[in-house]
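So this one's two forms of a single chain, laid out as structure tokens and tagged structure 1 and structure 2.
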Structure 1
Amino acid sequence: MDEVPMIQLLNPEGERVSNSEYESSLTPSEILGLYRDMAIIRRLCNEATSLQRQGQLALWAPVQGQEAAQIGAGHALAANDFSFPSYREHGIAWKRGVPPLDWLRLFRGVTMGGWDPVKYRHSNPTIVIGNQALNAVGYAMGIQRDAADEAVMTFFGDGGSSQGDIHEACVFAGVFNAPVVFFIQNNHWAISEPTIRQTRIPLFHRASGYGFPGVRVDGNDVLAVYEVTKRALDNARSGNGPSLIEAFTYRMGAHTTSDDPTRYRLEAELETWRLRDPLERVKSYLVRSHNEQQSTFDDIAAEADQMALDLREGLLSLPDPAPLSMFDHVYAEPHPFIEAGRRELIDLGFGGDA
């Protein structure tokens, strides 16, 4: 399944390669911007991992290795589009403008969400695998009814592709020609299970069964991911219906900070993918083809370090929620069971004006 051709515009050595269907439309400075995005994501993610190690987060799901897939896809989203992530899409949250501290709130255990999804046009993380894809399709059906110039993109993994919800989402999207893009990050692992446990065919082939196009893109090539995603979203916006993108990438880190990948995968595999690092190839390209100076990259690293520091400080000063907040927003309208619970907690001495 690894031998299937995929769309690639920048190879692991950082050389531009031509493709008969796609051309890169990005200027060198835009490409540098994407590099910066990826470098920041990687740095913040490492900071979050160490914060978890220090007991400041309950859990963290690292994104390392998947930066190009997320930044390329996120960059292709138009301001009016709407995205429905799973739980690892920190790169998409970044591109949607969600402040990094807000990504961490859920993992610190101070909220169920973390940000206003409508403000950023980016839903809160969905942890139950596959749920969000159906919600994305429904949102897209709403766009159709409003005749709005918008598209929806939803994210899930190779593991997620097995869920019944994903099948139903694809059926609905196909039948109703909904303006939605299914973006699969095939990072080769679903916790300890390799992709072979989820599928016998390349995942993008599944799209044809639902009657819409599917494509595999080099998920570690930010130029290719951007072009492929942009076209898919353009198609959705212009009434050409859904499509599926399989970004072929790799989870370089553990599944989460609770995971121990040495129990199930070989170091050699990691080595192979290290050579395909999504950041290194962009850097080589910019240095070799556009004479970008090392100082530019040093500046980005310094900027990312500062952001990591800010993130740490912000997190450490996050207050715990008030216990009574567990009753907030459970219902939109008054509900006596909520009032009863609130009263009980107040009587037990947990705040309020008892």
Structure 2
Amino acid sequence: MDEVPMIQLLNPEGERVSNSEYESSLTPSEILGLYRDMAIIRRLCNEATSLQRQGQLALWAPVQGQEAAQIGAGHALAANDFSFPSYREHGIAWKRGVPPLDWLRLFRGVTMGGWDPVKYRHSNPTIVIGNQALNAVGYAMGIQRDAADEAVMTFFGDGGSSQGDIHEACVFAGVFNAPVVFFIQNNHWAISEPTIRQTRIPLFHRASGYGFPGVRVDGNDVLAVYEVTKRALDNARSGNGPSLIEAFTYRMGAHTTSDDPTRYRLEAELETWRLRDPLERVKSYLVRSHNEQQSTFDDIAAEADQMALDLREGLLSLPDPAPLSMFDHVYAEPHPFIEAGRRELIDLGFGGDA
């Protein structure tokens, strides 16, 4: 399946690739902005991993290696679009304007959510694998009936593509021509299961069974991801219905900080993908084709380091939540089971009014 052609505009050596279907519409300054976003996401993600190792987070889902897929797609989203992530879309959250500290609050256990989804047009992380796709399609069908000039995008992995929720979401989206883009980050490993255990055909071919188009893009090529995603979102807003994008990428780190990838994959495989690093690809292009200076990249690295320090300081200063706050905002309206739980905690001496 690795030999299937995919959309690519920038090869691993940082050289532009001609493509008859897509061309890059981005200026050198905009491409540098993509690099900056990817560098910041990688640095912040590495800081979060360190925080978890030091006992400051319960869990963390690293994103290293998938920065181009997320930043390219995130840049393609319009301000009024709505995105529905899983638990690894830190790059999408960044592009939607969600403060980095809010990404970590859920993993520290001080909130049941993290941010206001409506404010950022970005849903809270979905831990239940695949459930976000159903939410996305439901939202897309709603804006379709409102005749809103919006599109929806939902993100999941190659492992998530095997979930029934994804199948049901694709069926509804195809039948009702919903304005939604399904974005698969095929990072080759669903925890310890390789993609070959998820499918016998390239994942993007599944779209034809649902009645809408699918495409595979080099998920480590931020230029190609941006252009492919932008077209898919434009088509959704124009009433042309759903589509599926398979971003062919690789998870460089562990599935989560509770995972040990050395138990199920070879170092040689990892080394092959290190040579396709999405950040180094863009950096090489900017240096070779636009004479970008090393000082520019040094400044970006320094900025990212400072943001990581600020993130650490902010996380360590977060106050513990009031115990009864766990019952707030579970449902839009009061619910007898939730209220029973609240009263039980009060009876146990955690305070509050009965």
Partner chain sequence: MTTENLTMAKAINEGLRGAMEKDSKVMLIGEDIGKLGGVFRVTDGLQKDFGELRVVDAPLAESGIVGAAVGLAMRGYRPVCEIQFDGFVYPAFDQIVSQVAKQHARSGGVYKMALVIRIPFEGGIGAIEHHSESPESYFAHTAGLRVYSPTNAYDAYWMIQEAIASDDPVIFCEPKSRYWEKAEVDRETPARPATEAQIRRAGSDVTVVTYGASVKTCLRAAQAAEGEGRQLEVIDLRSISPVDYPTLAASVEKTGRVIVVSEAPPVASVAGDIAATLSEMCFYSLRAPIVRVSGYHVPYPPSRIEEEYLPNVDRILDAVDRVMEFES
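Note that the rigid core is defined as the largest set of C-alphas that superpose within 1.5 Å between two forms. Throughout, residue numbering runs from 1 along the sequence of structure 1. Source: prediction; values computed, not measured.
Chain form predicted together with its partner chain, by structure number = It is the first structure that is the form predicted together with its partner chain.
query = Core-aligned, is the CA shift for R16 between structures 1 and 2 2 angstroms or more?
reply = It does not reach a 2 Å shift.
query = Hey, does H290 budge by 2 Å or more at the Cα between structures 1 and 2 once the core is superposed?
reply = No: H290 shifts by under 2 Å between structures 1 and 2.
task = Look at H329 and decide if its Cα position differs by 2 Å or more between structures 1 and 2 after superposing on the rigid core.
result = Yes.
query = If you line up the core, how far does the Cα of E344 move between structures 1 and 2, in Å?
reply = Rounded to one decimal, the shift is 4.7 Å.
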